[in-house]
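One chain is shown next in structure tokens, namely the form predicted on its own.
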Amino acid sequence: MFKLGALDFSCGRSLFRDTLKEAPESTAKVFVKIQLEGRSESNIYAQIDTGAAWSVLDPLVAKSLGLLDLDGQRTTLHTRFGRIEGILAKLLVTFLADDGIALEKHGTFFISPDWPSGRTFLGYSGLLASMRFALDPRTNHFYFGP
């Protein structure tokens, strides 16, 4: 797939989007295709956020997967929307590949019914820090590997 010297850097590649019509932004972002908990009905685009302490799950997605009632470590997230109470839960995330093979990782997600709907974020701590990834903004390719 993608090499770092003689070693494999990635196992898969997918196209990322810079915008989502469901969540318009004034500047380009990076949205990658994922699946949650191994369930194909949960295929969504999630925004890469290397500054986030945890990943954050859209409450509409959480509700559709029956995850709003999970037990987990209670915590408060301090955001641009103010303080939001929720739980931290480990979820299986599958990075879907257009080329190569998909990558499954467990990640820590903040889940709250009070989080504004419309966006799922993939945070550095608890998910992205445990894998390799690279972006090619010229071709909108997202490379990922263990």
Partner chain sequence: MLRLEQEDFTCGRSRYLDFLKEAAEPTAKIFVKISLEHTESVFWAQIDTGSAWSVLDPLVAKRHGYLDLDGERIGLDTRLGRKSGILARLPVRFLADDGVPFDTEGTFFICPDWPPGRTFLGYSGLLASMRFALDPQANHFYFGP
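Owing to the predicted nature of the structure, the values given are computational and were not obtained by experimental measurement. Numbering follows the first chain given and starts at 1.
There is also a form predicted in complex with its partner chain; it is not shown, and the following applies to it.
Open item on the list: Taking any heavy atom pair closer than or equal to 4.5 Å as contact, tell me whether residue 52 reaches its partner chain in the predicted bound form.
Closed with: Looking in the predicted bound form, residue contacts with its partner chain include residue 52, since a heavy atom lies within 4.5 Å.
Open item on the list: Using a 4.5 angstroms cut-off on non-hydrogen atoms, would residue 47 count as touching its partner chain in the predicted bound form?
Closed with: Residue 47 belongs to the contact set for its partner chain.
Open item on the list: Residue-level question: is residue 134 within 4.5 Å of its partner chain in the predicted bound form, judged on heavy atoms?
Closed with: Residue-level check for residue 134: yes, a contact with its partner chain.
Open item on the list: Considering non-hydrogen atoms and a 4.5 Å limit, does its partner chain approach residue 129 in the predicted bound form?
Closed with: Flag for residue 129 set to yes.
Task: Stretch from 23 to 31, 63 to 71, 36 to 44, 86 to 94 whose residues place a heavy atom within 4.5 Å of its partner chain in the predicted bound form - done: The contacting stretch is 23 to 31.
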